[in-house]
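Take a look at this single chain in structure tokens; it is the form predicted alone.
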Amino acid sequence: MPTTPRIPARQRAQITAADLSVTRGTTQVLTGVDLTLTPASRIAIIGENGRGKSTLLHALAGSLTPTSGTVRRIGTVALAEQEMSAPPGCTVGDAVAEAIADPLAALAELDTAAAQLAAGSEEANASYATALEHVEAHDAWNAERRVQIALAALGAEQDLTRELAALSVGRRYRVRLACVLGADDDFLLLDEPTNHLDRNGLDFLTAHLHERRGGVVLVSHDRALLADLAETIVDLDPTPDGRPRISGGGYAGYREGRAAAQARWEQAYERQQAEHTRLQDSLSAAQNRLVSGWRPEKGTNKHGRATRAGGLVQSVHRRQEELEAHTISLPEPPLNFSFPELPARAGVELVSLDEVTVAGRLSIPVSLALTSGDRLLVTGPNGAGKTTLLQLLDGALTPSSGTIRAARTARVGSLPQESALPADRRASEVFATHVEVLIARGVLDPASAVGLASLGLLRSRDAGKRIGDLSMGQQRRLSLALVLASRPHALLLDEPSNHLSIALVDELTEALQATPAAVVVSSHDRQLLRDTATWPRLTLAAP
């Protein structure tokens, strides 16, 4: 425990990052980050995996030194990483004591000053006044109570004697999160704080972050938390200049700004490509004229031929210089997801369940029928049978009781929570083989086949990689592409936002609202539940 506590700066607190860049080996992780944090800041850092979100968080906290640029801090900072270490013998109480070491030190300082005051020390008055100021700055009297409240609200371990090593990763994280919330530092930096939290914990976290008197920076894929809390979004996904895109106006402002920026980027890139192609064509035409086109008709004097040849050579050189001077300065824009047109079968019952149950997995009988254009949201706690229900609709599971009927030639596409893809095969080969099988079986007409590139889910360079070399997000994109390849009449999605980027989930949600196919979604994603709030809902009860 420190003998002199760190003192919160409160309204004077500030973190300023200026032209911050981080390089690891030969990889530029962050480029030119300019960011200012105040006690009122509510900032979210987003981006696909590997874009440097956690790196930026550590640079702001001071636990990582940037390669270039500066980070200046006034005030105290608490960082909650995704995982919490568990040294041998370390208990929950030890973690709490470490988190509120400064408030406890301030109380100890006050006790010492009070004793000196009681003993009649000449310097006691000044010491006591300073110690009291420190205690009030930390609200130290309530520090332990704040942590206890957070432990209970987050569903964390409250037995202070319990060893951290005996807790799961998720339970340790909840302890760590409760500790930093209770510590009440000037700035709170959180890495994926909604992981491992139930609904009550999410509600408590959101309310606490709204009300706290210090600044908040969080890395999160939780779109509901972003919508509820973030006022500024720092997007680390690719941009034309390589610098982060910073948007105000909350999550709605970010989405609107992202769409506009994407359109501008695509237009500028297309203009540069078109100009580059024009200059190449112009050079090729000049070279062709030099080879053959300049030859005059018979009878033309040699001097005329030589003069004309010189002009053509100059024309080639000039066009060569123009082409070399023109560079495509913009990187290729991000892919745009293109949801295929799915067919409808008006008046046809695509698949229906009549009083179906599955022993040990779905105990309460379920009856439902899907027709084109239907929407259904399946909710319920873990273990209630949501995945089981989707497998029944897909025909992948036989019920213990009840009946299942499916229309002849009705195509049902199912995206499971996790897909078993062959790690040693290339993504493009797996997709092409899948389409060939669908055509060979008569499931899909060749004219209706969807190309992998047309979906905008994987770049050609990624499609050519072994699946095992793709990221989890890229593998999830491939799984979605395989489902859409069959052009299903009914689309079943089990936790569709798993491993997908925020931007892609937004695009997918919009597409699901518009498609004429029947759609059934099972999800815990709070923002997806909000976006589909008008859909009919089937809530399964826990067994």
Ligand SMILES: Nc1ncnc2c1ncn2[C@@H]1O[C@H](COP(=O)(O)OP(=O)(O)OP(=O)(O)O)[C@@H](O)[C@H]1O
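Given the structure is predicted, the values throughout are model-derived calculations rather than measurements. Between two forms, the rigid core is defined as the largest C-alpha subset superposing within 1.5 Å. In this text, residue numbers run from 1 along the sequence as written.
What comes next is about the form predicted together with the ligand, which does not appear here.
With the partner omitted here, the stretch from 469-477, 253-261, 143-151, 271-279 that lies within 4.5 Å of the ligand by heavy atoms in the predicted complex is 469-477.
The contact residue chosen from 32, 50, 516, 62 relative to the ligand in the predicted complex is 50, the criterion being a non-hydrogen atom within 4.5 angstroms.
At least one heavy atom of residue 24 is located within 4.5 Å of the ligand in the predicted complex. The closest non-hydrogen atom of residue 465 lies within 4.5 Å of the ligand in the predicted complex.
In the predicted complex, the ligand stays beyond 4.5 Å of every heavy atom belonging to residue 497. The closest heavy atom approach of residue 82 to the ligand in the predicted complex falls within 4.5 Å. Core-superposed comparison between the shown form and the other one: CA of residue 93 displaced by less than 2 Å.
If you fit the rigid core between the shown form and the other one, you'll see the Cα of residue 467 move by 2 angstroms or more. With the core superposed, residue 457 shows a C-alpha displacement of at least 2 Å between the shown form and the other one. Between residue 471 and residue 54, the Cα distance is smaller in the predicted complex than in this structure, by no less than 3 angstroms. Distance between the C-alpha atoms of residue 461 and residue 262: longer in the predicted complex than here (change of 3 Å or more).
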